[in-house]
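A single chain, nothing else alongside it, follows as C-alpha coordinates in the form predicted alone.
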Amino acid sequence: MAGVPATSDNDDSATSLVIEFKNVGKIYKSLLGNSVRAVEEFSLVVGDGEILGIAGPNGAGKTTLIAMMLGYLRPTTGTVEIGGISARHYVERNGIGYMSELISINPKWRAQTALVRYATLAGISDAEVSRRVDYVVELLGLAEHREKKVKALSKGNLQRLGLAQALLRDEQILVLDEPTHGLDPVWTQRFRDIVDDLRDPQRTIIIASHNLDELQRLADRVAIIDRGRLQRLVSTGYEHAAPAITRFRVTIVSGHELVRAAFPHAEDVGRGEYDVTVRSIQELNAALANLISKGALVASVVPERSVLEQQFREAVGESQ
(Lines give C-alpha, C1' and ligand atoms only; values in the text may rest on other atoms or scores of the structure.)
Protein backbone atom coordinates (compact mmCIF):
# COMPACT_ATOMS: atom_id res chain seq x y z
CA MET A 1 0.00 0.00 0.00
CA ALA A 2 0.97 3.59 -0.42
CA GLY A 3 1.20 5.89 2.57
CA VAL A 4 1.80 5.14 6.23
CA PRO A 5 1.64 1.62 7.59
CA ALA A 6 -1.80 0.55 8.71
CA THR A 7 -2.54 0.14 12.38
CA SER A 8 -5.16 -1.85 14.22
CA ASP A 9 -7.33 -1.03 17.20
CA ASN A 10 -8.58 -4.62 17.47
CA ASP A 11 -7.79 -6.58 20.61
CA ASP A 12 -7.85 -9.93 18.79
CA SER A 13 -5.34 -9.21 16.01
CA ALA A 14 -3.67 -12.61 16.36
CA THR A 15 -6.87 -14.64 16.73
CA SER A 16 -7.85 -17.19 14.10
CA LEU A 17 -11.03 -15.86 12.53
CA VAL A 18 -12.57 -18.63 10.51
CA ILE A 19 -15.98 -17.55 9.18
CA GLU A 20 -18.48 -20.40 9.19
CA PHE A 21 -22.00 -20.55 7.80
CA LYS A 22 -23.68 -23.62 9.30
CA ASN A 23 -26.80 -24.77 7.44
CA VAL A 24 -28.04 -21.18 7.30
CA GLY A 25 -31.53 -20.27 6.10
CA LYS A 26 -33.39 -16.97 6.00
CA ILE A 27 -37.12 -16.49 5.42
CA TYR A 28 -38.68 -13.05 5.04
CA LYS A 29 -42.32 -12.68 6.03
CA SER A 30 -44.58 -9.88 4.82
CA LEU A 31 -47.35 -8.20 6.78
CA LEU A 32 -49.80 -10.25 4.72
CA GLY A 33 -48.23 -13.46 5.95
CA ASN A 34 -46.47 -14.36 2.72
CA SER A 35 -43.04 -15.97 3.03
CA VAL A 36 -40.00 -15.57 0.80
CA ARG A 37 -37.10 -17.96 1.27
CA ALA A 38 -33.99 -15.86 0.52
CA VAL A 39 -31.33 -18.34 1.71
CA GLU A 40 -31.65 -22.07 2.20
CA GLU A 41 -29.33 -24.71 3.74
CA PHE A 42 -26.21 -22.64 3.12
CA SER A 43 -22.97 -24.02 4.57
CA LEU A 44 -19.49 -22.64 3.91
CA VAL A 45 -16.20 -22.19 5.76
CA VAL A 46 -13.97 -19.22 4.89
CA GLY A 47 -10.43 -19.56 6.20
CA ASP A 48 -7.85 -17.11 7.55
CA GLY A 49 -6.00 -15.26 4.82
CA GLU A 50 -8.50 -16.20 2.13
CA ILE A 51 -10.02 -13.91 -0.46
CA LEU A 52 -13.46 -15.29 -1.17
CA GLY A 53 -15.61 -14.11 -4.04
CA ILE A 54 -19.40 -14.30 -4.00
CA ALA A 55 -21.20 -14.36 -7.35
CA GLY A 56 -24.75 -14.96 -8.43
CA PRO A 57 -27.66 -13.54 -10.40
CA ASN A 58 -29.74 -10.68 -9.04
CA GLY A 59 -31.92 -11.94 -6.19
CA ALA A 60 -29.71 -14.97 -5.57
CA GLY A 61 -29.30 -14.21 -1.85
CA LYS A 62 -25.87 -12.51 -1.79
CA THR A 63 -27.03 -9.40 0.06
CA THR A 64 -28.91 -11.46 2.67
CA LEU A 65 -25.84 -13.62 3.32
CA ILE A 66 -23.66 -10.55 3.82
CA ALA A 67 -26.25 -8.95 6.12
CA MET A 68 -26.29 -12.08 8.30
CA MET A 69 -22.49 -12.17 8.43
CA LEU A 70 -22.42 -8.52 9.48
CA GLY A 71 -25.00 -9.21 12.19
CA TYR A 72 -27.65 -6.98 10.61
CA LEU A 73 -30.00 -9.94 10.20
CA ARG A 74 -30.49 -13.05 12.28
CA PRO A 75 -30.73 -16.37 10.43
CA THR A 76 -34.09 -18.09 10.53
CA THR A 77 -32.25 -21.41 10.78
CA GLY A 78 -28.61 -22.30 11.33
CA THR A 79 -25.82 -20.06 12.57
CA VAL A 80 -23.13 -17.72 11.28
CA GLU A 81 -19.97 -17.69 13.40
CA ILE A 82 -16.69 -15.78 13.27
CA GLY A 83 -13.84 -17.12 15.33
CA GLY A 84 -16.20 -19.52 17.10
CA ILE A 85 -18.67 -16.88 18.31
CA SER A 86 -21.82 -15.51 16.71
CA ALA A 87 -21.19 -13.08 13.87
CA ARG A 88 -23.23 -10.39 15.59
CA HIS A 89 -21.21 -10.73 18.80
CA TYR A 90 -17.94 -10.57 16.89
CA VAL A 91 -18.92 -7.47 14.93
CA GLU A 92 -20.21 -5.66 18.01
CA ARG A 93 -16.97 -6.40 19.83
CA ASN A 94 -14.40 -5.97 17.05
CA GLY A 95 -15.94 -4.42 13.98
CA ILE A 96 -15.57 -5.35 10.32
CA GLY A 97 -14.45 -3.24 7.37
CA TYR A 98 -17.53 -2.99 5.15
CA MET A 99 -18.28 -1.28 1.87
CA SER A 100 -21.93 -1.52 0.86
CA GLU A 101 -23.16 -1.86 -2.70
CA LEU A 102 -25.02 1.45 -2.46
CA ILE A 103 -22.83 4.17 -0.97
CA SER A 104 -25.10 6.27 1.24
CA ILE A 105 -23.32 9.22 2.85
CA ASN A 106 -24.92 12.49 3.96
CA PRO A 107 -24.78 14.54 0.73
CA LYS A 108 -24.17 17.77 2.67
CA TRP A 109 -21.00 16.46 4.34
CA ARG A 110 -17.62 17.17 2.84
CA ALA A 111 -15.51 14.14 1.97
CA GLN A 112 -12.95 14.95 4.68
CA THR A 113 -15.68 15.45 7.28
CA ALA A 114 -17.30 12.15 6.37
CA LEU A 115 -14.05 10.23 6.81
CA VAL A 116 -13.29 11.88 10.15
CA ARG A 117 -16.77 11.04 11.44
CA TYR A 118 -16.58 7.45 10.23
CA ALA A 119 -13.15 7.08 11.81
CA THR A 120 -14.53 8.32 15.12
CA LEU A 121 -17.53 5.99 14.91
CA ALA A 122 -15.14 3.12 14.14
CA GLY A 123 -13.43 3.69 17.48
CA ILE A 124 -10.14 5.02 16.14
CA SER A 125 -8.43 7.05 18.84
CA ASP A 126 -8.38 10.84 18.51
CA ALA A 127 -4.61 10.74 18.15
CA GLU A 128 -4.88 8.37 15.18
CA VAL A 129 -7.87 9.81 13.30
CA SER A 130 -5.94 12.40 11.28
CA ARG A 131 -3.22 9.93 10.33
CA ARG A 132 -5.68 7.24 9.22
CA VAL A 133 -7.77 9.71 7.22
CA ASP A 134 -4.67 11.04 5.47
CA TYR A 135 -3.63 7.47 4.71
CA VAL A 136 -6.87 6.43 3.02
CA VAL A 137 -7.15 9.77 1.19
CA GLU A 138 -3.73 9.17 -0.33
CA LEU A 139 -4.42 5.51 -1.03
CA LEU A 140 -7.68 6.25 -2.88
CA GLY A 141 -6.49 9.41 -4.64
CA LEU A 142 -8.99 11.68 -2.90
CA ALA A 143 -6.71 14.59 -1.98
CA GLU A 144 -8.24 17.00 -4.50
CA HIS A 145 -11.74 16.04 -3.37
CA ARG A 146 -11.27 16.49 0.39
CA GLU A 147 -13.33 19.68 0.62
CA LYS A 148 -15.98 18.73 -1.91
CA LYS A 149 -19.46 17.97 -0.67
CA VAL A 150 -20.49 14.36 -1.13
CA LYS A 151 -23.32 15.39 -3.47
CA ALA A 152 -20.74 16.96 -5.80
CA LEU A 153 -18.69 13.77 -6.19
CA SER A 154 -18.90 11.71 -9.36
CA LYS A 155 -20.03 8.09 -9.12
CA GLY A 156 -16.43 6.88 -9.31
CA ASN A 157 -15.19 9.29 -6.65
CA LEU A 158 -18.10 8.42 -4.37
CA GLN A 159 -17.20 4.75 -4.81
CA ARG A 160 -13.61 5.49 -3.82
CA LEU A 161 -14.84 7.42 -0.77
CA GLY A 162 -16.90 4.39 0.23
CA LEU A 163 -13.87 2.15 -0.10
CA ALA A 164 -11.78 4.64 1.87
CA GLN A 165 -14.14 4.49 4.86
CA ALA A 166 -13.99 0.67 4.80
CA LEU A 167 -10.20 0.83 5.07
CA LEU A 168 -9.99 3.36 7.89
CA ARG A 169 -9.20 0.59 10.38
CA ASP A 170 -6.83 -2.25 9.63
CA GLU A 171 -9.56 -4.83 10.10
CA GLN A 172 -8.97 -8.56 10.07
CA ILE A 173 -12.16 -9.02 8.06
CA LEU A 174 -13.06 -6.88 5.07
CA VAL A 175 -16.36 -7.20 3.15
CA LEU A 176 -16.68 -5.37 -0.17
CA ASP A 177 -20.00 -5.41 -2.02
CA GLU A 178 -19.66 -4.50 -5.74
CA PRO A 179 -16.48 -2.48 -5.01
CA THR A 180 -15.56 -1.65 -8.64
CA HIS A 181 -19.02 -0.50 -9.72
CA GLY A 182 -18.58 2.95 -11.29
CA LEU A 183 -14.77 2.88 -11.26
CA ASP A 184 -12.94 3.76 -14.47
CA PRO A 185 -10.34 1.32 -15.89
CA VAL A 186 -7.45 3.10 -14.15
CA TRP A 187 -9.06 2.86 -10.72
CA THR A 188 -10.28 -0.66 -11.36
CA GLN A 189 -6.65 -1.67 -11.82
CA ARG A 190 -5.61 0.29 -8.74
CA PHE A 191 -8.32 -1.46 -6.77
CA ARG A 192 -6.77 -4.80 -7.75
CA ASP A 193 -3.39 -3.55 -6.53
CA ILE A 194 -4.93 -2.42 -3.23
CA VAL A 195 -6.52 -5.83 -2.68
CA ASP A 196 -3.23 -7.56 -3.49
CA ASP A 197 -1.50 -5.36 -0.90
CA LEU A 198 -4.23 -6.13 1.65
CA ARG A 199 -3.73 -9.87 1.27
CA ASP A 200 -2.40 -11.16 4.58
CA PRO A 201 -2.43 -14.52 6.40
CA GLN A 202 -4.43 -12.90 9.21
CA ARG A 203 -6.92 -11.00 7.04
CA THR A 204 -9.98 -12.45 5.33
CA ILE A 205 -11.50 -10.53 2.43
CA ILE A 206 -14.93 -11.20 0.96
CA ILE A 207 -15.83 -9.60 -2.38
CA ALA A 208 -19.35 -9.82 -3.78
CA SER A 209 -19.44 -8.86 -7.44
CA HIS A 210 -21.19 -9.38 -10.75
CA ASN A 211 -17.81 -8.85 -12.42
CA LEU A 212 -16.59 -12.42 -12.91
CA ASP A 213 -13.33 -11.26 -14.46
CA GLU A 214 -12.61 -9.27 -11.30
CA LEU A 215 -13.27 -12.27 -9.07
CA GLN A 216 -11.19 -14.54 -11.33
CA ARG A 217 -8.24 -12.18 -10.88
CA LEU A 218 -8.59 -11.53 -7.14
CA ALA A 219 -10.28 -14.40 -5.34
CA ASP A 220 -8.84 -17.71 -4.19
CA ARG A 221 -12.29 -19.30 -4.36
CA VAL A 222 -15.68 -18.11 -5.53
CA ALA A 223 -19.01 -19.18 -4.04
CA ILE A 224 -21.63 -19.28 -6.81
CA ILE A 225 -25.08 -18.72 -5.35
CA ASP A 226 -28.46 -19.07 -7.00
CA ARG A 227 -31.98 -19.27 -5.55
CA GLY A 228 -30.55 -18.91 -2.07
CA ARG A 229 -28.34 -22.00 -2.27
CA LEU A 230 -24.65 -22.56 -2.71
CA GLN A 231 -24.58 -24.07 -6.19
CA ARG A 232 -20.84 -24.41 -6.60
CA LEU A 233 -17.57 -23.48 -4.88
CA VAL A 234 -14.93 -22.75 -7.52
CA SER A 235 -11.19 -22.57 -7.01
CA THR A 236 -9.87 -20.04 -9.51
CA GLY A 237 -6.88 -21.01 -11.63
CA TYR A 238 -6.54 -23.60 -14.35
CA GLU A 239 -4.56 -25.96 -12.13
CA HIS A 240 -7.83 -26.67 -10.32
CA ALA A 241 -10.03 -26.89 -13.40
CA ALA A 242 -11.56 -30.20 -14.40
CA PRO A 243 -10.85 -31.31 -17.99
CA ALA A 244 -13.42 -29.76 -20.31
CA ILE A 245 -13.86 -28.73 -23.92
CA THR A 246 -12.68 -25.12 -24.02
CA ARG A 247 -12.34 -22.48 -26.73
CA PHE A 248 -9.32 -20.21 -26.99
CA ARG A 249 -8.54 -17.32 -29.26
CA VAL A 250 -5.00 -17.59 -30.65
CA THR A 251 -3.38 -14.56 -32.30
CA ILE A 252 -0.71 -15.31 -34.92
CA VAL A 253 1.80 -12.75 -36.21
CA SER A 254 3.32 -15.02 -38.88
CA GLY A 255 2.96 -18.61 -40.03
CA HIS A 256 -0.77 -18.48 -40.75
CA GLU A 257 -0.41 -21.33 -43.23
CA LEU A 258 0.69 -23.60 -40.36
CA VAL A 259 -2.37 -23.11 -38.16
CA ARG A 260 -4.56 -25.82 -39.71
CA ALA A 261 -1.89 -28.48 -39.21
CA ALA A 262 -1.79 -27.77 -35.45
CA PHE A 263 -5.50 -26.97 -35.03
CA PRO A 264 -7.45 -28.76 -37.81
CA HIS A 265 -10.77 -27.14 -36.87
CA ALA A 266 -9.48 -23.62 -36.21
CA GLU A 267 -11.88 -20.84 -37.19
CA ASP A 268 -10.27 -17.82 -38.85
CA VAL A 269 -11.96 -14.73 -37.37
CA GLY A 270 -9.71 -12.20 -39.09
CA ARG A 271 -6.89 -9.88 -38.01
CA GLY A 272 -4.62 -12.88 -37.53
CA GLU A 273 -6.92 -14.38 -34.87
CA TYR A 274 -8.18 -17.96 -34.75
CA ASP A 275 -10.74 -19.60 -32.48
CA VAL A 276 -9.62 -23.09 -31.50
CA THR A 277 -11.32 -25.79 -29.43
CA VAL A 278 -9.36 -28.19 -27.21
CA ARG A 279 -10.25 -30.81 -24.63
CA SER A 280 -7.57 -29.91 -22.11
CA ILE A 281 -4.76 -27.50 -21.32
CA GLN A 282 -2.34 -30.30 -22.21
CA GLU A 283 -3.84 -30.58 -25.70
CA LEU A 284 -3.61 -26.80 -26.13
CA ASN A 285 0.05 -26.73 -25.14
CA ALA A 286 0.96 -29.64 -27.39
CA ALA A 287 -0.67 -27.99 -30.40
CA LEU A 288 0.96 -24.63 -29.65
CA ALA A 289 4.37 -26.31 -29.25
CA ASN A 290 3.88 -27.96 -32.63
CA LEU A 291 2.86 -24.66 -34.21
CA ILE A 292 5.81 -22.75 -32.77
CA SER A 293 8.32 -25.48 -33.60
CA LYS A 294 7.37 -25.15 -37.27
CA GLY A 295 8.15 -21.42 -37.22
CA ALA A 296 4.85 -19.71 -36.39
CA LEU A 297 5.02 -16.59 -34.21
CA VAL A 298 2.25 -16.61 -31.56
CA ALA A 299 1.31 -13.25 -30.03
CA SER A 300 -1.38 -14.29 -27.54
CA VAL A 301 -3.64 -17.08 -26.31
CA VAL A 302 -6.82 -16.04 -24.50
CA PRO A 303 -9.64 -18.29 -23.23
CA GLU A 304 -13.09 -17.51 -24.57
CA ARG A 305 -14.36 -17.96 -21.03
CA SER A 306 -12.45 -18.01 -17.79
CA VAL A 307 -12.64 -21.02 -15.48
CA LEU A 308 -15.02 -19.05 -13.29
CA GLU A 309 -17.28 -17.88 -16.11
CA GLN A 310 -17.64 -21.41 -17.43
CA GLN A 311 -18.47 -22.73 -13.97
CA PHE A 312 -20.89 -19.86 -13.34
CA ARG A 313 -22.82 -20.52 -16.54
CA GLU A 314 -23.09 -24.20 -15.69
CA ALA A 315 -24.11 -23.56 -12.09
CA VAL A 316 -26.93 -21.11 -12.86
CA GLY A 317 -28.17 -22.97 -15.92
CA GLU A 318 -26.80 -20.66 -18.60
CA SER A 319 -24.31 -23.02 -20.25
CA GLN A 320 -24.57 -23.26 -24.01
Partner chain sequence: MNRGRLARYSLWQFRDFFMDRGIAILIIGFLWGYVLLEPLRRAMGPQWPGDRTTPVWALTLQVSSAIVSLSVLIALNGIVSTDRKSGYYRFLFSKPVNPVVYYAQLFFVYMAGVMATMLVLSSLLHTILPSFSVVNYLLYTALIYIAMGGIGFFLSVATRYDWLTLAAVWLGARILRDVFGAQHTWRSKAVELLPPVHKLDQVANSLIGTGRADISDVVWLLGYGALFFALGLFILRRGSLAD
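Numbering follows the first chain given and starts at 1. Nothing here was measured: the structure is a model prediction, and the numbers come from that model.
Not on display, but discussed next: the form predicted together with its partner chain.
> Which pick from 231, 211, 188, 100 sits with a heavy atom within 4.5 Å of its partner chain in the model of the complex?
That would be 100.
> Considering its partner chain in the model of the complex, which of 91, 183, 195, 142 comes within 4.5 Å of it through any heavy atom?
None of the others qualify; the residue that does is 91.
> Within 4.5 Å, heavy atoms only: does residue 85 come near its partner chain in the model of the complex?
No, residue 85 stays farther than 4.5 Å from its partner chain in the model of the complex.
> In the model of the complex, does residue 95 have a heavy atom within 4.5 Å of its partner chain?
Judged by the heavy-atom cut-off of 4.5 Å, residue 95 is in contact with its partner chain in the model of the complex.
> With a 4.5 Å heavy atom cut-off, would you call residue 172 a contact of its partner chain in the model of the complex?
No, no contact at 4.5 Å.
> Find out whether any non-hydrogen atom of residue 152 is located within 4.5 angstroms of its partner chain in the model of the complex, and reply yes or no.
Result no; residue 152 lies far from its partner chain in the model of the complex.
> Do all of 70, 105 and 121 end up near its partner chain in the model of the complex, with near meaning a heavy atom within 4.5 Å?
Judged in the model of the complex, 70, 105 and 121 all sit within 4.5 Å of its partner chain.
> Select, from the options 212-220, 131-139, 198-206, 70-78, the stretch whose residues sit within 4.5 angstroms of its partner chain in the model of the complex by heavy atom distance.
Result of the contact check: 70-78.
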